[in-house]
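Given next, in structure tokens, is a single chain: the form predicted on its own.
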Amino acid sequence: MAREAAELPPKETLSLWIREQAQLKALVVDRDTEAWQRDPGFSGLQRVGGVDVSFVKGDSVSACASLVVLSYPELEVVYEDCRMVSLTAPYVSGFLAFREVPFLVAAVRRLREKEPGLVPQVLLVDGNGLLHHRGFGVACHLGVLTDLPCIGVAKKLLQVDGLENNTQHKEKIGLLRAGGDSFPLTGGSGTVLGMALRSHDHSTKPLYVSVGHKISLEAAVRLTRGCCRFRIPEPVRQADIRSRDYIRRTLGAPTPPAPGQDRSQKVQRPKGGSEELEDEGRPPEAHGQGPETAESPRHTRPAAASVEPSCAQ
């Protein structure tokens, strides 16, 4: 039986979360703040980061929080920090940051203390930024707390402000013919909340890119596209792969299934959740549970991923 982090928080806690989101939202910067962001080739950008939280199968308390840093434009991993953590807050739609961001902020803090020269110049986050019920998704939250440029990259459309995954939306997706094609996500209020991006020539499903902090939407879309070897941007993809691998190594989980066998979904969140990361042909979560442990952050030479996804779908 799965261990649960907690039942739904009381109304008082939700009110506090809403108040904190509003206070932090006032600090969001939705424009380019660095010279490299305004350069067509991102000259001056050398390090891009990705973060991920992977769960132990059947256990919504034990998880692995990971931060990776890749060189740019080579997209080779130069740093990784994976750590087992115990979550205390439950998953509540629209409040993902309160469940996961504290562990990611801690990872950035450790990097700044131990290897300041490897701090990423931008973070790519599996989730939404301004494309959010209250205009302050997990990418905004992480960006403000770390004071780093952040980009939200979601795999599913968050249906907010009149945005719907309806026939019209699907027709627009059908018009995305090649990698780099995109269209704006304009809400009923007339505000452009993000962009739907075909990230790879062989991908048929778009990514939903939105501003997190300290970057414009135009630069966020260009950089997301520039970080994609497959459908998912390499910083996010590597953070996910390495966090799963760390869970398996730490908890002694079985090896990944052979090709063609069923693979588990990555996230222990309600089905249809707006900020979840679908399985991309990567290995399943580890089984079982173990004590809270940590692995020292380390430099790493580029290495093959534990499981290489097929061309993104």
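Computed from a predicted structure; not experimentally measured. Just count from 1 along the sequence shown to find any residue number.
The same protein has a further form, the form predicted in complex with the DNA, not shown here; the description that follows concerns it.
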Worksheet, complete the sentence: In this chain shown alone, the residue from K156, R83, R222, H200 with a heavy atom within 4.5 Å of the DNA in the model of the complex is K156
Worksheet, complete the sentence: Checked G194, G212, G127, P235 for heavy atoms within 4.5 Å of the DNA in the model of the complex; positive is G127
Worksheet entry | Location of the DNA contact in the model of the complex, chosen stretch of 107 to 115, 136 to 144, 68 to 76, 178 to 186 [non-hydrogen atom, 4.5 Å] | 136 to 144
Practice prompt. Spell out, yes or no, whether the shortest heavy atom distance between S93 and the DNA in the model of the complex is within 4.5 Å.
Written response: yes
Worksheet entry | is_contact(R242, the DNA) in the model of the complex, heavy atom dist at most 4.5 Å | no
